[in-house]
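Listed next as structure tokens is one chain, alone, in the form predicted alone.
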């Protein structure tokens, strides 16, 4: 790490889990469709949680494992999210769905992390914890964006409006990118936590924006609100990312434009 962390992993995890779940529950159970965007905001904080875990574990030199670990997060997340929501529907207690899904993801993440360290012998001290965090972030991102699109916690609604429509594909891909890309875009000797984390916000906002556009076909007004909120968050956070990138460049910078003809 190139600097003392401004936020601890515990603080980031607490925000990701609490805000993620609160956003999901308000959006899915309030009965007010226009509040669906809150699940997207929860997904953004969960994205930051996953990106910080990727930052921690991949700082040990995993290299090409950075994109792989993001896809792993959403692989564990989609299994856990769908199981949790289906379980809540089967027992007729939808409130349990996100909690069951999160608990299952955390368990799977810990098992995978333990196998990576004890069986594959990667011997990375933070592997178990970080894969647990990444799996938890993955399920919160997928559940949050799915609930935002469907406007409901009910498994049949999500199966119909998110899975059957194919919207689960961009949610999966953009959710994974939000977790893996911030560190991948910032890695190197000058990587700093604040720059990587603000980029996590901007990547999560892109996922919220696209999911909001998808949900316009299901609930036009709520979908438009979610898309606009996602766009505003992206604009603000990406400007912050560019500002911090200039700060960390440590030298003057100029826009050179395209190379002149014959320069290659």
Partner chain sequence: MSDITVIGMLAENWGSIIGIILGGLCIAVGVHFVPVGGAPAAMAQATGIGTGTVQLAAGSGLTGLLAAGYMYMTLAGVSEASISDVVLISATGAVGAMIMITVTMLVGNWVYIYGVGVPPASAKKDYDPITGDSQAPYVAPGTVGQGIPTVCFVSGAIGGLLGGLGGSLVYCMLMWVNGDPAISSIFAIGVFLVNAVLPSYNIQGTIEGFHDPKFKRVPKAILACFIASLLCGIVAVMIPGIPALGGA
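Residue numbers count along the first chain shown, from 1. Values in this document were obtained by computation on a predicted structure and should not be read as measured data.
Unshown form predicted together with the partner chain; subsequent notes refer to it.
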{"property": "Interface membership of residue 69, the partner chain in the predicted complex, 4.5 Å heavy atom rule", "result": "yes"}
{"property": "Contact label in the predicted complex: residue 139 to the partner chain, heavy atom within 4.5 Å", "result": "no"}
{"property": "In the predicted complex, residue 62 touching the partner chain (heavy atom, 4.5 Å)", "result": "yes"}
{"property": "4.5 angstroms heavy atom contact with the partner chain in the predicted complex for residue 183", "result": "no"}
{"property": "Contact test, all of 78, 119 and 122, partner the partner chain in the predicted complex, heavy atom 4.5 Å", "result": "yes"}
{"property": "Among the candidates 96, 126, 86, 187, the residue which, in the predicted complex, approaches the partner chain to within 4.5 Å (heavy atoms)", "result": "86"}
{"property": "Proximity to the partner chain in the predicted complex, single hit among 102, 82, 153, 174 (heavy atom within 4.5 Å)", "result": "82"}
{"property": "Members of 89-103 lying within 4.5 angstroms of the partner chain, judged by heavy atom, in the predicted complex", "result": "89, 90, 92"}
